[in-house]
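Next up: just one chain, as structure tokens, the form predicted on its own.
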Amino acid sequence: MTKKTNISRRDFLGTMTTATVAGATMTMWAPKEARAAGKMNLAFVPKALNNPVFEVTRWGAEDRIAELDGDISFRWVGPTTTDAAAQAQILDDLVIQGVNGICLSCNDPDALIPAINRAVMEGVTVITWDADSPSSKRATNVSIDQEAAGAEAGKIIAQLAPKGKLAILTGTPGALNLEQRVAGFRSVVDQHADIEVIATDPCNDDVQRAVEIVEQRINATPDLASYFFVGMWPFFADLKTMPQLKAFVDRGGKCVSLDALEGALNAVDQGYCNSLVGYSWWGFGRTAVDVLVAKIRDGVDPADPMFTELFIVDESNIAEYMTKQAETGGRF
């Protein structure tokens, strides 16, 4: 059994362009021979390019690379929408192009195993962030304890709304990190006989679809007591496009979400959400770069997995986090 390594928030943030399927590259690499040429070529592959949550990890990676000595190039390349087969093809292409290290957020933990293992067999260091593929040959997962995060959200819901109907909004079915969050959440709320889970709706990591689901679910369930967002997809949209959610919270409904990026902070500040379970997406990028560089350059094997701390945002500390967001632009 691997030992979980928990990292303090400070250490996580201080530890140890771009390409898209439909876009242009910052740096073009020669084929495989580039791996032996001295330059370090790193690539990050998010679940999809249409999910802005991953952009903050990109900032963290780019910021960290700018601080490091050495010739390090960086690419950001992913499928347009959540598609495991497209991710697998991207990994194969990156190997051919001479990448040294890949950081991947997996759409499907099992479907990505062959592509990850092929890359590792070719001498590429592969790690995952957020969504893992634990049965693959990846070196580590830079993330949070997903089940613990879900359980924390469950505790908050159970305290705020100890009885009544509960709806869950999730992302892409089969994504390991989301399944783990839901499992952790259900491990708590299922212990409360007066809480009735009426639906778990997938939005496939699509922001507009998430907004539509939330508005329709609330409109169709006038006696809904609470709502859990497994990720903050609706809060990437203009909050004013969710009048039903605002009315729901105004009349005493409780909403809890994972993630505490700008849109989610605004949701708490403006009364669209009661509480957030947050963690550092920016820190993911910084830590992942350090892990890849240490492994590729110095042969340092990382701890597996590498978990950062969670933090809670609610009405008691939202002003503090709004100030932090304004001062850093989300780099915290």
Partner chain sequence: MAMNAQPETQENNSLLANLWERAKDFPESRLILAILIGGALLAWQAEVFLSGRNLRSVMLAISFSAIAAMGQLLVILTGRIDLSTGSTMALSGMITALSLVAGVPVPIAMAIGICVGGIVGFVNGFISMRFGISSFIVTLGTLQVARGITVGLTEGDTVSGFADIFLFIGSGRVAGLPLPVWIMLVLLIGFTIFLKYTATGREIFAIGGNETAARLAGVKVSRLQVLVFVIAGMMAGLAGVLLTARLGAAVSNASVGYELIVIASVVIGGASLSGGAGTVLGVVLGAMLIGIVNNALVLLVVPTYWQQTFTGAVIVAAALIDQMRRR
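Here the structure is a predicted model, which means the values were calculated and not measured. Residue numbers count along the first chain shown, from 1.
Beyond what is shown, the protein has a form predicted in complex with the partner chain; the following relates to that form.
Practice item. Have a look at 149-157, 90-98, 215-223, 110-118 and name the one stretch with heavy atoms inside 4.5 Å of the partner chain in the predicted complex. Key: Of the stretches listed, the one contacting the partner is 215-223.
Check your understanding: Just to confirm, V211 within 4.5 Å of the partner chain in the predicted complex by heavy atoms?
Key -> Judged by the heavy-atom cut-off of 4.5 Å, V211 is in contact with the partner chain in the predicted complex.
Point to revise | 4.5 Å heavy atom contact, P202 to the partner chain in the predicted complex | key: The answer is yes: P202 has a heavy atom within 4.5 Å of the partner chain.
**Study point:** Contact of T241 with the partner chain in the predicted complex (heavy atom, 4.5 Å)
**Key:** So T241 counts as contacting the partner chain.
Practice item. Decide whether E179 counts as a contact residue for the partner chain in the predicted complex under a heavy atom distance cut-off of 4.5 Å. Key: Yes - in the predicted complex, heavy atoms of E179 and the partner chain come within 4.5 Å of each other.
Point to revise | Heavy atom within 4.5 Å of the partner chain in the predicted complex - residue from A139, A86, V188, A237 | key: For this set of options, the contacting one is A237.
Practice item. Tell me, out of P134, G174, G164, G184, which residue has a non-hydrogen atom within 4.5 angstroms of the partner chain in the predicted complex. Key: The residue in contact is G174.
Check your understanding: Of 57-81, which residues get within 4.5 Å of the partner chain in the predicted complex if you count heavy atoms?
Key -> Residues within 4.5 Å: R58, T80, T81.
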